[in-house]
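Here's a solo chain for you in structure tokens, the form predicted on its own.
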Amino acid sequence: MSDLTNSLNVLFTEFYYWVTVVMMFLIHVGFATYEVGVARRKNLQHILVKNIMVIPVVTVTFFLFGWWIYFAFVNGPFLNGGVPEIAASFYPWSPAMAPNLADRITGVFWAAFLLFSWTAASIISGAIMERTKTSAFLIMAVLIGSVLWIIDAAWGWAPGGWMVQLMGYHDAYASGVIHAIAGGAALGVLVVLGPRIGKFGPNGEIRNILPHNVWMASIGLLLVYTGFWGFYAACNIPVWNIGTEGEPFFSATNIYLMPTTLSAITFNFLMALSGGLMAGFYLSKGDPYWVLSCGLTGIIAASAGNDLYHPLQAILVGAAGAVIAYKGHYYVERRFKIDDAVGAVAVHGYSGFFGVVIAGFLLWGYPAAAPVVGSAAPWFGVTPDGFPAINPLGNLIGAVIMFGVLGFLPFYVLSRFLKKIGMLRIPRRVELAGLDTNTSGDGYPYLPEIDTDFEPIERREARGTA
């Protein structure tokens, strides 16, 4: 790097992504903390170790093949060309995938995507806690973290992805690309896995399995918020020339190389969070776990369009997403007897699906991304400047692909297979005794055991109206 201006840009970009990755690590810290808080005492150490093991397993597999997938499959299933030549640069043995002075960005950008992969795996972890074998979960973590979410990122998040260029799909901060796919995957597992022992009574009545530590769960969610803010920054490119050759214009851009600012996403992040928190407070009558969960839901619901929303749109979308997630969680629990231990399907899946769909309507006609030379003509129209245009149909189809085709369906099939070979669920006696029993013992060895696992739904409802 001999030119000072370009060198400073490269070094700043390298440092920018390094800082966002460090912040994003707090997402994983938060997930581990709140899942341990939600778990019962007899399972908490197992939950903690399971979350820790996501880090090495997904990191190694993402290095070996996940990063290559992102660049290899942007053109989709035979729709817009074959595997681009650039994909060869991201085989694990290529020079770009090792320390070197010629390429200072790949390592930190790879790490940002890797942290997204951990997040996708952790979303599934919470939903299926207290009854799943560790080996089965780690297989799921590799599938979601190093294969399926990175395929949907190639299709719907890369600027040249076929869903972006052909359908006008727009999901700037990953309502669908991370959250809808992980929520759909968790639902696919839960349908096969079944509820925890004791969750539903003999007549189908719902028992609320209480967190062993509410404040720990709450602190965990606050940490997720903090890391999520870093996630937002990591979805931006800090400095990019979006002008013409004769008239350069340098700006931060979103993942689609369209102009945005950190100021814009800060407004909308905080407004969407506030909308979700207020809706959660009203709906749950002040239950701290659901208030904080709905705050996260608000951010997720507004994420698809948060680069283009007005702050007042962000707060309304965040509040609406929280209502859909909260009501949807309890409806599915009652109607289909689905036991989602942390509400992950609703918080991530339902709100992520809604966020993508509503962005298609609210941002109808805005540019989805910069056009890519050689790409086929968009299916659903272009802007006056020739950019693929955001539209409701493209985002609706995209939401179905994320939640259903790449999320629910593969994990339903995988779970059926794992169940058939006896690898999915822990034995009944182990579940009753607790997953820590034969390995770690009691997580609080100096406290007396208190039987507060269950609370009748009637008592919970009465307490909520008091």
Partner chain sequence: MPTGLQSFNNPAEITLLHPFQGTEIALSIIVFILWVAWHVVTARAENEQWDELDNRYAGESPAA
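What you see is a predicted model, and the numbers here were worked out from it, not measured in a lab. Residue numbers count along the first chain shown, from 1.
Beyond what is shown, the protein has a form predicted together with the partner chain; the following relates to that form.
Among the residues 134, 226, 266, 241, the one placing a heavy atom within 4.5 Å of the partner chain in the model of the complex is 134. Proximity to the partner chain in the model of the complex, defined as a heavy atom within 4.5 Å, holds among 332, 138, 389, 320 only for 138. Heavy atoms within 4.5 Å of the partner chain in the model of the complex are found in one stretch of 403 to 411, 66 to 74, 53 to 61, 27 to 35, which is 53 to 61.
Shown here without its partner, the chain carries 95, 98 and 142, all of which come within 4.5 Å of the partner chain in the model of the complex through at least one heavy atom. When the partner chain is considered in the model of the complex, residue 102 lines it closely, a heavy atom lying within 4.5 Å. In the model of the complex, the partner chain sits within 4.5 Å of a heavy atom of residue 429. Using a 4.5 angstroms threshold between heavy atoms, residue 435 counts as touching the partner chain in the model of the complex.
Contact residues in stretch 208 to 244 (any heavy atom within 4.5 Å of the partner chain, taken in the model of the complex) are absent; none meets the cut-off.
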